[in-house]
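What follows is one chain in structure tokens, specifically the form predicted alone.
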Amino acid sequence: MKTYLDCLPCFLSQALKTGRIATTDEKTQREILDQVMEKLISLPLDASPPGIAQLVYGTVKTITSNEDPYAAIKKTQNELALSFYPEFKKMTQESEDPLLFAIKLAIAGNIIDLGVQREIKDIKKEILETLAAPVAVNNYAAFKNTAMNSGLILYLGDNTGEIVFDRILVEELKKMDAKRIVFAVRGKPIINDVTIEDAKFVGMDKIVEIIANGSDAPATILSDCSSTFIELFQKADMIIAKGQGNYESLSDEIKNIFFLLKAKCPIVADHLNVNVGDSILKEQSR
């Protein structure tokens, strides 16, 4: 998916937001904006939004010497989501179709995203509202059939907090006797995206294999990932890609991918032909 002109002001807003988290010094914050604006001028729009975001957040890291501005926020998000785990796990087990419920729950968890401009004041309330709403693009039958016939499932994680709900879906997938499930995280901190440390914090490593993709992009940019990850990506019978970033970076890949996300911005919503806020379970068109 390419970058649109509407994305550029969003990148500047993200740079300022992250700069203010990383430092209280206004001169440094101004330097961040100046450098990001200078770089945006020369970037081609055929680059993917996550690729440009990687540059934006990398600029903040370099200028502030803060490798993980969101570290404290990420810990809080994981702790909060873990406090919800028993209740939502019980709801999943008691639902008519636990796999479908777990998918909807994983999609609902995608609202926990600090890369978007909308602030979520009551996460639990929004998750419950998402669970009660229909899935706008719903390729569930294909998802279930593919999962049942896959020897290797590669699950591409997205955000902290959200990963707790991914865990519930992974637990349901394990009941389908997949020979191997691997959960992939970012290679280095970026926004509130999941890393190895986050996966271990929520206990994901206790139920499936964990792999870092070798990249600090807020997505899965294959050209920036490690050879080990690429090999796994190519071998996977089924890829579950969580979040907008993974959709933006992989929507043109010819692979057996299922995208699970909330459409959180007008650009992505238009690309999917849905409304902002809709839940998406989309099988990759091949």
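On a predicted model such as this, the values are computed, not experimentally measured, just so you know. Throughout, we count residues from 1 along the sequence that is shown.
There is also a form predicted together with a further copy of the same chain; it is not shown, and the following applies to it.
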*Is His271 close enough to touch a further copy of the same chain in the predicted complex, meaning at least one heavy atom pair within 4.5 Å?*
no
*Do Leu45 and a further copy of the same chain share at least one heavy atom pair within 4.5 Å in the predicted complex?*
yes
*Does the 4.5 Å heavy atom contact test between Leu16 and a further copy of the same chain in the predicted complex come out positive?*
yes
_Would you classify Glu26 as touching a further copy of the same chain in the predicted complex, given a 4.5 Å non-hydrogen atom cut-off?_
yes
*If contact means any heavy atom within 4.5 Å, which of 34-42, 227-235, 55-63, 254-262 contacts a further copy of the same chain in the predicted complex?*
34-42
*So, Asp6, Pro9 and Arg20: all three within 4.5 Å of a further copy of the same chain in the predicted complex by heavy atoms, or not?*
yes
